[in-house]
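Quick setup: the structure tokens below cover two forms of a single protein chain, split into structure 1 and structure 2.
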Structure 1
């Protein structure tokens, strides 16, 4: 009974507060886990993260260099393009000038040829007209002398009347 009374006076152990030996074992395992993490598990992870960060930084640097190179190349390309356009415009202007000069020369040759043809045609017309007039002059003189003889009722000499007929034809 006495034992039961002594036991009943002690407080029952609190299930939330650990025992001292549990705390010691927890500290030992915590330190062991910390040492394991610190010296065995974390270094490869840290090295992998550093390697990854270095790779990313290297790629970014390479991308920046490529972007800078691209900008330089683009500026060179655009400058070359502008030069090529200017050269093309100069070539086109020179070709237009040469074409205009050639066209003017051909036009002048054509105009000269047309003038020669026109002059030749005019000469041919004049020759044909003179031939027609000289041919008609004799016929007109013969008809006029015949008509005048019929009106007057006598024969007229065409040779004697030729000067009168020439004056009448020249007046028209």
Structure 2
């Protein structure tokens, strides 16, 4: 009875007071976990994460460098394109100038040649005209002397009448 009475009046254990055995196991298991994390579990993971981060950063830097290089290459390309365009324009202008000069020279040569040809042709025409006129004089004189001889009923000397005929033709 006394024991039962003692048990019934005994205060319940204070929940704030820790049990020794629980403290021991908490220390053992937490320190074990801490040491495992420190030396076994975390290093491979953090190393892999750092390697991956470095790889990503390296790739990102390479991409940035490539982008910068691309910009530089593009600027160089555009500059060389401008140079090429300027050079092409200069070549075209020079070719145009040379062509103009060549055309002018050819034109002058052609004009001179045409002038020579024209002069030659004119000379030939003059010569032909003179020859035709001379031939026509002879024929007219012959016909006129013949016609006059027929009218007069005698033979006329063409040579003697030549001066008359020439005067008549010249009057024409």
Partner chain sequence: MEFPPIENVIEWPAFLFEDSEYFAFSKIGFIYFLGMALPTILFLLANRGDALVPRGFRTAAEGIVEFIDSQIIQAAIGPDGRRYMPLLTSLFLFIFIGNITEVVPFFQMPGNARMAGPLVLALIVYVMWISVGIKHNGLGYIKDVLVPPGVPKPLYLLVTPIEFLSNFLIRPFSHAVRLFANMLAGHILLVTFTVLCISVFSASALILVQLGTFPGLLAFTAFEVGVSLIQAFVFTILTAVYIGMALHPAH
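By rigid core we mean the largest C-alpha set that fits within 1.5 Å across both forms. These numbers were taken from a predicted model, which means no experiment stands behind them. Numbering follows the first chain given and starts at 1.
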Displayed copy of the chain that is the form predicted alone: 1
For residue 133, decide whether the Cα shift between structures 1 and 2 is 2 Å or greater, given a superposition on the rigid core. no
What is the magnitude, in angstrom, of the C-alpha shift at residue 152 between structures 1 and 2 when the rigid core serves as the superposition reference? 6.6
Please state the CA displacement of residue 39 between structures 1 and 2 in angstrom, with both forms fitted on the core. 3.5
